[in-house]
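Okay, so here's just one chain, in structure tokens, the form predicted alone.
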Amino acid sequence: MLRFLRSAGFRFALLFAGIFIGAAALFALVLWYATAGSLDRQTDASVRTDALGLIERWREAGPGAVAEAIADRLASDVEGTAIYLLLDSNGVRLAGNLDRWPAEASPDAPWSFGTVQREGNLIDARLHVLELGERYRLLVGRDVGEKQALRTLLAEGIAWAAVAASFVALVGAAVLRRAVEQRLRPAALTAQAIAAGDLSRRVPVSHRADEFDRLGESMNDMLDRIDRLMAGVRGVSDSIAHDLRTPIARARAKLEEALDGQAAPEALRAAMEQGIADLDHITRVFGALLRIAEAEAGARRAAFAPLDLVPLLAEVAEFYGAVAESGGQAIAIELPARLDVVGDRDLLAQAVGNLLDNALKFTPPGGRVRIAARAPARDRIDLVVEDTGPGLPAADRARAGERFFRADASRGTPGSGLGLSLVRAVAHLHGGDLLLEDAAPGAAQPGLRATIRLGIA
């Protein structure tokens, strides 16, 4: 029972019941005001009008005229609801249809409800007391017995209606709770299955396009994303084990040879240098993985600051200029006067540096690498690195951003397959993406054009 009371379905049902009962109570108040309240207002208006007429007769001709007017009005009272009593200064009745002054009627409270005796019968009446002067008192009222009976009948009807409304509210709340529970049950069962380890389960969608369907679609999108991430984690783990096994095994073998004690000093030094190189390679791989993870998680956004990309790109191009010159290659720069962006300077420099490094690796001697930047739209900046190398097949371009992926043509070149992964992560961090395409489609050496598209907030 405690679990039932704490459930969201019960709270929704309770809210529905409260709203329904509140609406019913408001309807009852409006009905009461429009019926019983209207009857009371009509009675008071009738008594007030009658009293004003008698006061006017008092002012015109004194107590005799008032007594005569009361007698005329009682004679013409077909319904028998009028009540009058006129007393002189000594309390003697001068006119009216009451035997004595009611105890409920007092000048201190001009308006009151009371029980009066008229012609030997006790009746409920609405009374209005007037002081006429010279200690004369006038009582004007109306018999409200029938109206009181109608009020009682109306009150009983509202009470029964309240009972019926409460019953309907409870039944409706139970139906609502069951409906909510049934609509949420598939999502709950899917979550339980996933918690048990079945990541293939998805929330069934009814195609009603309601809130529950949108919740199911969001959960399915989240589960698809988790599935892809898990597959990526497994792929990364496998790739790490595969790519790092060789340098670790080579370092171990070299160190074991050095431990024999029979190696020449030159061989021992070479083994130590090779071990250090292998460990440096492993360190670089883990450093690259850490930077990719930080970029994908958005952890580097704290380092975002306004900057001009033109000097940054010029510095990167100058740094790789010596490498290009040693390989008989040329770097062409096409930059505007200024390109303002908000981003991480170090990550952007490293991303462009990775693209330049890849371009120089695959550009033959005598080839050219071009670095350019432009703002084709107000909310976008394109950073382009283009080479005149062999290019990249379409199938390999589709996987080029995956961690540790290396095309067949690049197996013999140094690297870990993480460069483009970092470039793509940096592009995503800056609200953009990485595009790879042929620089010269159809040519024998189509080259590769890599474009980092940056979003401008």
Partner chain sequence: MVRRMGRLQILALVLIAPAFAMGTEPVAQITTDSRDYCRELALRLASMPGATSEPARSLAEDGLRLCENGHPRSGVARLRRAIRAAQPEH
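Keep in mind that this is a model prediction, so the values were computed, not measured. Numbering follows the first chain given and starts at 1.
Omitted from view is the form predicted in complex with its partner chain, to which the following refers.
I123 is the sole member of A271, A173, V316, I123 with a non-hydrogen atom within 4.5 Å of its partner chain in the predicted bound form.
The contact residue chosen from S76, N90, T283, S326 relative to its partner chain in the predicted bound form is S76, the criterion being a non-hydrogen atom within 4.5 angstroms.
If you check its partner chain in the predicted bound form, you find a heavy atom from every one of A71, D99 and T115 within 4.5 Å.
Picking from 214 to 222, 174 to 182, 99 to 107, 376 to 384 the stretch near its partner chain in the predicted bound form, with a 4.5 Å limit on heavy atoms, gives 99 to 107. Its partner chain in the predicted bound form is not approached by D344, whose heavy atoms all lie more than 4.5 angstroms from it. Heavy atoms of E156 never reach within 4.5 Å of its partner chain in the predicted bound form, leaving it off the interface.
Although the partner is absent here, L309 lies well away from its partner chain in the predicted bound form, with no heavy atom inside 4.5 Å. Under a 4.5 angstroms non-hydrogen atom cutoff, its partner chain in the predicted bound form has D143 among its neighbouring residues.
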